[in-house]
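Take a look at this single chain in structure tokens; it is the form predicted alone.
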């Protein structure tokens, strides 16, 4: 029996474990508010959690003194249960901002210049992963399917084994996995690999990520053996079989496609063009992060204006940067760099009634987001490295008029799936990106439609439900079900 079939028959409880809950709790004056949390994981898993009526464990974004349980109990509209894992400010500082985001995040994104390691941060990471495991053990029954997510929780599988949990454990990594040469830079690399091998099923975004992990295992444990198939490999390690696979995460195509056709989104799209007064608009939409390649994108746009003067007065870049980690000095410095770059480029090229870069540092609500997706003729999505990049897929799903062109970094995980319809670029190649931007601008309407049909077909065919089906249908069976 497959996991999906088991869930449809309702004998299993799906337990999802992630660093953050799909909601965040805030205090405004004397009142508490609960807001939905943005992010690709929430977008991807929420429909499945609703249908499975599962349990989601994670940090709710507030201090341990918050009446979390009472507040979460009021969310009856979710159709699934939320369980909080309490984290102190010291935990967040060392486990999250420290080891997870100063060690793992830059290392896994091939950006060693941002990498650092601190032993106290590592020990905090170990403790917090153990705390997550304890909460999972409290909430998960014997017949639960436990699915742990992402780089913040690499050690939860080992911690669950130490607590006596014997059922199958699944893990999915949403960011890239580095090559052995990079991974070995981490002083605790062997500890991390040993812990990850306590999972029974490990999923990655791309085939390259899976290959990198296997190469690391060859270095760590030469005696381990593997059998490879088209999308999966079976790793034999210390008498256990561990399934490895790659499963590109996706979006709810139907939701974006349907919402993009709403009249309010059409009105928002029209308003964007009227407000920015440009013949064509290119869109950049990113969380504030050095992996997103936003400074390089600004320089490529500037180079396009230099190289192709006919773009001046005709093509504007709308760059929306979603605030993130502003209490971290490195991220504040990145924001200052973007402020200065946008100001310098605008001072060079602005004309009466036309501005080259419209730089917005804010979040967008759903209607504004879809309006930007539908209204911009070009999506300029050029991360230096990305696990997948759901913005690229959301843009395609929202292009109900088939007018858009996707310019996409070859270092985004989505590049392999979307290569046939996108213009792929190396974000470090400023001239090459400028040339692709110009090619997108002058592309004929017929070629735009042809490419966007390919892109939308790919995103529709491999939507979020298929991603979940891929992963869960590949999951190993529980011992009781297999008869062992």
Ligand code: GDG
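From a predicted model like this one, the values you see are computed outputs, not experimental measurements. Residue numbers count along the first chain shown, from 1.
Below: the form predicted in complex with the ligand, not depicted.
Distance criterion of 4.5 Å from any heavy atom to the ligand in the predicted complex singles out 373 from the list 132, 99, 177, 373.
Out of the listed residues 304, 391, 408, 136, 391 is the one that sits within 4.5 Å of the ligand in the predicted complex by at least one heavy atom. Looking at residue 205, you'd find a heavy atom of it within 4.5 angstroms of the ligand in the predicted complex. The ligand is not drawn, but in the predicted complex it has no heavy atom within 4.5 Å of residue 194. Mapping the unseen interface onto this chain, residue 285 counts among the residues with a heavy atom inside 4.5 Å of the ligand in the predicted complex. Taking non-hydrogen atoms only, residue 297 never approaches the ligand to within 4.5 angstroms in the predicted complex. Site residues 186, 384 and 428 are none of them in contact with the ligand in the predicted complex, judged by any heavy atom within 4.5 Å.
Just one listed stretch, out of 359-367, 121-129, 343-351, 177-185, contacts the ligand in the predicted complex at the 4.5 Å heavy atom level, and that stretch is 359-367.
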